[in-house]
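In the block that follows, a single chain appears as structure tokens, in the form predicted alone.
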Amino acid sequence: MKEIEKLYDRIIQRVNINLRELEFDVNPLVDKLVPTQQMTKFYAFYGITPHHPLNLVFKHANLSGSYFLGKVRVTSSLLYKSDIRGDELKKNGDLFQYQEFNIPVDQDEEITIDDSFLIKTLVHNFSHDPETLETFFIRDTVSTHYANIHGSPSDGCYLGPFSTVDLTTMRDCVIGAYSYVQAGEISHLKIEPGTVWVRKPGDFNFMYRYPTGQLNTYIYFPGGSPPQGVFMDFVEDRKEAFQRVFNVVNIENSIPVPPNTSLDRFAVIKPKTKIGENVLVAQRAFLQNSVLGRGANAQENCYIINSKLEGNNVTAHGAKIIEADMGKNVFVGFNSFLRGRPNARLTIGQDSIIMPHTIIDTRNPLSIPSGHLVWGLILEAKDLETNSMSLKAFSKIDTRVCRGSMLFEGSGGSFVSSFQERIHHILEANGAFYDGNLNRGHAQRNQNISFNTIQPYPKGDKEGLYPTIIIQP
């Protein structure tokens, strides 16, 4: 086990060197956050399909409980129960469009993770940095519970719990707990907890920040102990449900699955759940007493409980929907937390966009009209006055608007259309529009995944480390 401890020290030192200008020390935050014995308990696993590349290389690393798909290289890193999905990487011969440039991709892209410590982190999508088309790199980086690194190369950074960096290259940055950043490229920045920042330089800039006292109720991470708050309690209360799906080798579907739908073998499906055609349910998703209509999806770390989704719904990575009724084409962004109550249902009309990292936590019935944009913290109906706007009205913004804690500058029309185009792309990539012949996506390609496990050294100084492993076709 000495080798794991030495590797941890190496990673922390490298991250701290990168963050020295911000005077930020990651060690008090993550020291003993995952007990060393936990790093040796769980197998890692990877998927093989005829539709995805297979090129996995693991050197001098711990991969405890982590999942890999596609083309991934991990070197001198600690990964604890993380999901590394290389199923949307660019391929040799693709054209990458950036501004007025169409840049040819010269070789298949891979995810490379070097000298990093990723705790219960999702890594997905492809590099959106035009300077690193063939390598989606994560270097000298620490990320904590339920963070998302989505198409975002990272060099010398720290991500707090439930944070998301989306389509953004970041260098030497600190991303606070429950912050969402989609800003193209950032460096040497410290993003405060609860910041929601969406920027397209020269086009628009959306900024919202949660009130610190209220955010702490949901997620609080002072360091020296695991993260605390409603989000962690919610996940921990359902942790045991996942133990069976990871402990049992062969497990059969507990509900009927249509032929064009993918229900991941490592998802938890509780009674009275129904899923329709072209539905994608990813690993570590949790469904209970819910209905997912045609073309809906539940991505990694999603929880959908006592709810109904009409169809073509996007429930992005880490989002939670409880006691809610969602119309068609409703988008729920990363790590959003939408909670109605049994006698106070939450209703969201069709074609609405729930921004990433939105909290709707109501004790009274709440209805959001069709075609609305919603953001921030909503505890009662009056909060919608400052935290929502119809998409039609938002599209008419052409200068600057301030509502409550939200500031928007630029073109509202461009902001809305960018979201709508991305939602369409997500549905298309997930196979929501498959007609039996055309538009095949993840819901169809992920049906026949073969899962394989890999194990670390069981004893000695190398206990918990995995030997060098190369897995190729």
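The first residue of the sequence shown is number 1, and the count goes up from there. No experiment lies behind these values; they were computed from the predicted model shown.
Not on display, but discussed next: the form predicted together with a further copy of the same chain.
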{"query": "Among 419-427, 402-410, 65-73, 48-56, the region lying within 4.5 Å of a further copy of the same chain in the predicted bound form by heavy atom distance", "finding": "48-56"}
{"query": "Exercise: R10 in contact with a further copy of the same chain in the predicted bound form, heavy atom 4.5 Å", "finding": "no"}
{"query": "Proximity of R20 to a further copy of the same chain in the predicted bound form, heavy atoms at 4.5 Å", "finding": "no"}
{"query": "Contact of T36 with a further copy of the same chain in the predicted bound form (heavy atom, 4.5 Å)", "finding": "no"}
{"query": "Q99: touches a further copy of the same chain in the predicted bound form, heavy atom cutoff 4.5 angstroms", "finding": "no"}
{"query": "Position in contact with a further copy of the same chain when the complex is considered in the predicted bound form, options A381, A241, I255, V248, heavy atoms within 4.5 Å", "finding": "V248"}
